[in-house]
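Heads up, the chain below is alone and in the form predicted alone; it's given as structure tokens.
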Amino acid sequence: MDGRIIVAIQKSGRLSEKSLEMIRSCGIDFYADSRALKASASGFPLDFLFVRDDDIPGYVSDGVADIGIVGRNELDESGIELDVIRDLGFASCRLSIAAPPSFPYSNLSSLEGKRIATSYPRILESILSSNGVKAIPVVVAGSVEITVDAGIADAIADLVSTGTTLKMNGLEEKECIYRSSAVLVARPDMDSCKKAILNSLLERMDAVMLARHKKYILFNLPKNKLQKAAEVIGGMKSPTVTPLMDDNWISVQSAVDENRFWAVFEELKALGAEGILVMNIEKMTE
């Protein structure tokens, strides 16, 4: 559709839920019926196409959709070359080698000459080849875990989350060989109008993703400790400082990386900070 871009998204499942959550977080309103294959946003030139996840790379490559949100594993397995615009950081998973506890596994070379059942033969063969290992891929569409007990394979290469399903089928995870998360892909030949819309969408996504990894903190601090507190906080160019009724104290506001928060919290306490408030950030830019 002219003046709009079409995004291909998995019809159902965790990836679909997280993808739609991301788009809603960007301030884009839409109604998506679980039975519908198409939808349109209001207030932003974006249309939705709901399809199978393994069809998304092909739809984007063929021009049926302009962009798509897909697991990197599905993109790599498809072998289709697309521009990966962003790693969105959700729907993370890992592809691991699993085998019975009795299987003598030390590294990938332990798979030499073995039958390996998988739903991701392209990824598996690429990894084995890069490590100089020659194994026999056994392509299975589903229920990869039962292939060892059925005598079809010696080991498997499958997506793992908790490992519970492996244990239920007498297998244990030996080694993670590949990690995946949701990525935003795009056609390389979009016209200037659609590229402008995509850039606008990316600005919103970047603001949402940056905020996910930050905490906003507000605290009272002895005025003579401000420079040391600024060094502790780091990150942003300068914290916001507000005078208090007591001339010896100030109120300080800033954003802190979430993975540093507790270390920063403890150092601020040691500097005499009081009344530390911590808030989530919905969106932000740097």
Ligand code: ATP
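From 1 onward, residues are counted along the sequence shown. Please read all numbers here as calculations on a predicted model, not as lab measurements.
What follows is about the form predicted together with the named molecule, which we do not show.
Novice: Please pick, from Ile127, Met205, Val160, Ala135, the one residue with any non-hydrogen atom lying within 4.5 angstroms of the named molecule in the model of the complex.
Specialist: Only one option qualifies, and that one is Val160.
Novice: Looking at 92-100, 127-135, 211-219, 108-116, which one sits within 4.5 Å of the named molecule in the model of the complex if you count heavy atoms only?
Specialist: Answer to the contact question: 92-100.
Novice: Whether Asp54 contacts the named molecule in the model of the complex should be assessed with a 4.5 Å heavy atom distance threshold; does it?
Specialist: Flag for Asp54 set to yes.
Novice: With the partner left out here, check for me: in the model of the complex, does some heavy atom of Gly13 sit within 4.5 Å of the named molecule?
Specialist: Answer yes; at least one heavy atom of Gly13 falls within 4.5 Å of the named molecule in the model of the complex.
Novice: Since only the chain is shown here, I'm wondering whether Ser180 would be in contact with the named molecule in the model of the complex (any heavy atom pair within 4.5 Å).
Specialist: Heavy-atom contact with the named molecule at 4.5 Å: present for Ser180.
Novice: Within a 4.5 Å heavy atom cut-off, is Asn73 in contact with the named molecule in the model of the complex?
Specialist: Contact with the named molecule, yes.
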